[in-house]
Ligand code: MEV
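Presented below, as structure tokens, is a lone chain in the form predicted alone.
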């Protein structure tokens, strides 16, 4: 079919009717499916509809928890929204493992966020432009007070403002570089509003600056936007214990050998980009799941984390490991920009539930929880990789998905679980075993 005209102006029912009619062989079945995922509370559904645009229904994802995650002496039950079946179990196992070895130690290093007003100024004397900025800097900051006063009352606001010369990269290119503290808010709307105000004021003041000639008074604002790269919004989390406390008969090796192999696996992720990508994906399995559960922006956090992983020019694994003087230490230092007030955290009922489950943490505390969950997941994945291999545990957890796909009944499920308790699980083998059961039933 061709382009759709006026789709956004249709009601939700009209959109569903139209799409079901145009794209599906069985329109009634598609309409029934979409409506089956509507919230039974019409007011709640209205909230979900208004989160996005052209909303038809809700897309469900599993909501699970990791109990016994000890961080700085406090025990959390951490919510995760993720469809990968092995992630929650693996993180829970790692949390339990470290709960008897001192738990996770976490420190928020800094919470500064940044944004830029991207400018073009075609004047010839960059020193003159810098002098203009120094002259109007206080005025620029003063003009943002109506926007920053409430944040300042909470202990945040606009922290610093400077002019950055980027002419070496692009003719006439400068930035107004602004740094912010947004306290318990993620702060994107706050930051962007302040930046847009700064850009407009800067442009107006340039037109009034007597030391500029007519050409120099022309400042072009290309855009004003926060940066999702937040290297100064940083948290560090680690676990540590004597090497002998890593002893576990299920590893099939000594504690010293396990520590050595684990350490080597982390180092490989530092030097090989192919391994680093998968290594970091495992960390974000844990991080993203908590970010989603608490109504935060996992796309921004992913983008920032991957940029951080490549900050020295090569993409590297995000976690670190040392084995020194008989002590095993595994750590993660990562930028995390999150909020616990405003936005989706205040509107989504499950996001509010998640934050209450976590004890209504501050943004700093939530940073530690998210980072610890990422490190727990990474530890679990690496422990499997250097011992039994990743597939043994992963496929056991995946077995339920296979059985659902093959539409196994309860009796068949019990038989298959028993049959494969000591076998390597593959889709083909499960399907063949199920076919044998059904043949002789």
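Numbering follows the first chain given and starts at 1. The shown structure was predicted, so the numbers you read here are calculated from the model rather than taken from an experiment.
Although not depicted, the form predicted together with the named molecule is the subject of the following passage.
Partner proximity in the predicted bound form, defined as non-hydrogen atoms within 4.5 angstroms of the named molecule, places exactly one of 287-295, 252-260, 274-282, 142-150 at the interface: 274-282. Residue-level contacts in the predicted bound form: of 196, 84, 244, 333, one residue has a heavy atom within 4.5 Å of the named molecule, and it is 84. Only one of 34, 65, 385, 403 comes within 4.5 Å of the named molecule in the predicted bound form through a heavy atom, and that residue is 385. The named molecule in the predicted bound form comes within 4.5 Å of no heavy atom belonging to residue 69. Interface membership of residue 381, defined by any non-hydrogen atom within 4.5 Å of the named molecule in the predicted bound form, is confirmed.
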